[in-house]
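Only one chain is shown below, in structure tokens, and it's the form predicted on its own.
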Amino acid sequence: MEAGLRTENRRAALVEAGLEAFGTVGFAKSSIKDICGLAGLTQRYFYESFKKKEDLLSAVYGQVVNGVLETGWANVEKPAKTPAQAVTRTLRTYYQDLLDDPRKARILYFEILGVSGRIDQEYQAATKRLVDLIAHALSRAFPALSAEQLQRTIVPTGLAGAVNLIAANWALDSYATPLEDILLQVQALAQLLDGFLKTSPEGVPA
């Protein structure tokens, strides 16, 4: 195995170990030594890929965000009979992923906060990507809405906030509410939005 590939594999092992450590014990309570132990590597190899623990958090967060958003874009591009159906399908996949791997929710909504200005900026950039995804989903569901109109509204930002807040509160409640119950409520909200945008085009700035 060539040296470059070995380095890549070690980095991937550290990122997976970071997901496990930060997603279970937490960022503050996880040491580099602990992470290396989970990865089966010496600390020497940690510094081969990362300068400090914050850099690993950035890599873990980026990997989780990219996975979530790539799946979201794929779902949005699939045909759907109604906007509510599209919303429900996309969120079902997203929330099921968090339920299957609660480490991701802990990284996305809790461990990422207040670490540093740099990490805060990455969090804000990820939120902007989610807003862009939601704006695209709305433009597909409601062709009469232009991208310019959506950019002048708070609707995509508000919906992104709702998606995140629902997920964060669900995680804090240890996923006590059945997923189907959450999706029924989300679907009802999507239907309300559908009706509003169809009957009140003046509600969206021209």
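On a predicted model such as this, the values are computed, not experimentally measured, just so you know. Position 1 is the first residue in the sequence shown; the rest follow in order.
Not pictured, yet referred to below: the form predicted in complex with the DNA.
ask   = Does the trio Val64, Lys128 and His136 actually contact the DNA in the predicted complex, every residue with a heavy atom within 4.5 Å?
value = No, because Val64, Lys128 and His136 lack any heavy atom that approaches the DNA to within 4.5 Å in the predicted complex.
query = Which of these residues, Ala160, Ala167, Leu145, Ile32, gets a heavy atom within 4.5 Å of the DNA in the predicted complex?
reply = By the 4.5 Å heavy-atom cutoff, the listed residue in contact is Ile32.
query = Which pick from Leu69, Ala59, Leu41, Ala141 sits with a heavy atom within 4.5 Å of the DNA in the predicted complex?
reply = Looking at Leu69, Ala59, Leu41, Ala141 one by one, just Leu41 meets the 4.5 Å heavy-atom criterion.
query = Should Tyr175 be classed as touching the DNA in the predicted complex when contacts are defined as heavy atoms within 4.5 Å?
reply = No, no contact at 4.5 Å.
ask   = Is there a heavy atom of Arg10 no more than 4.5 Å from a heavy atom of the DNA in the predicted complex?
value = So Arg10 counts as contacting the DNA.
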